[in-house]
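Single chain ahead, by itself, as structure tokens, in the form predicted alone.
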């Protein structure tokens, strides 16, 4: 069974192969479910020109907002940036590319990327700036925007607990974007608060199956 165990790494080792220009997904909703330890390691790693896919950009001094404040991000794909003054400033100055995506659409685009779908049809954004430059289809007399799937090179996610095979359990609203992102990246790095033996997580409580997880890191928070 040992061959099925996932490697448990230091955060520094887990992120060291993330290269300049990589696309990364970061789980979380505001301050909940954010992989803070992995983000700190990424800050130390000094990687730059990242494309960041996330629900929001947190705060300039909290979580993945620090990556933006530190000049490591070139593009953000998110549902809002209103809590991070640095993100707003860089965007308004033309120094940061921001693609705004309605929150539900963002989740569905990530899901589409993870499940191998060609896109998502949604009426959300019709007649607004969200429609510009996108294909609009009419089906049964109704118009829909075709939103394309999102995938990433790496996903940094946060769970409450993992077993040694990488099965993950999330607590409360920390599920948010984390389970979806685990499907939509080439390499999935899970930061967890507790590591347990196989069988200690009830199968009914496995929210992300271990087959999706590549590396495990213990949280330092």
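Bear in mind the structure is a predicted one, so any value in this text is a computation, not a measurement. Residue numbers count along the first chain shown, from 1.
Another form, the form predicted in complex with a further copy of the same chain, is not on view; read the next lines as being about it.
A.B. asks: Determine whether any heavy atom of residue 119 comes within 4.5 Å of a heavy atom of a further copy of the same chain in the model of the complex, and answer yes or no.
C.D. replies: Yes, residue 119 lies within 4.5 Å of a further copy of the same chain in the model of the complex.
A.B. asks: Would residue 123 show up as a contact with a further copy of the same chain in the model of the complex if we use heavy atoms at 4.5 Å?
C.D. replies: So residue 123 counts as contacting a further copy of the same chain.
A.B. asks: Contact with a further copy of the same chain in the model of the complex for residue 85, defined as at least one heavy atom pair within 4.5 Å: yes or no?
C.D. replies: Judged by the heavy-atom cut-off of 4.5 Å, residue 85 is well away from a further copy of the same chain in the model of the complex.
A.B. asks: Evaluate residue 74 for contact with a further copy of the same chain in the model of the complex, applying a 4.5 angstroms cut-off between non-hydrogen atoms, and reply yes or no.
C.D. replies: Residue 74 lies outside the contact set for a further copy of the same chain.
A.B. asks: Counting only non-hydrogen atoms and a 4.5 Å cut-off, give the residues of 128-146 close to a further copy of the same chain in the model of the complex.
C.D. replies: Those in contact are 135, 137, 139, 140, 144, 146.
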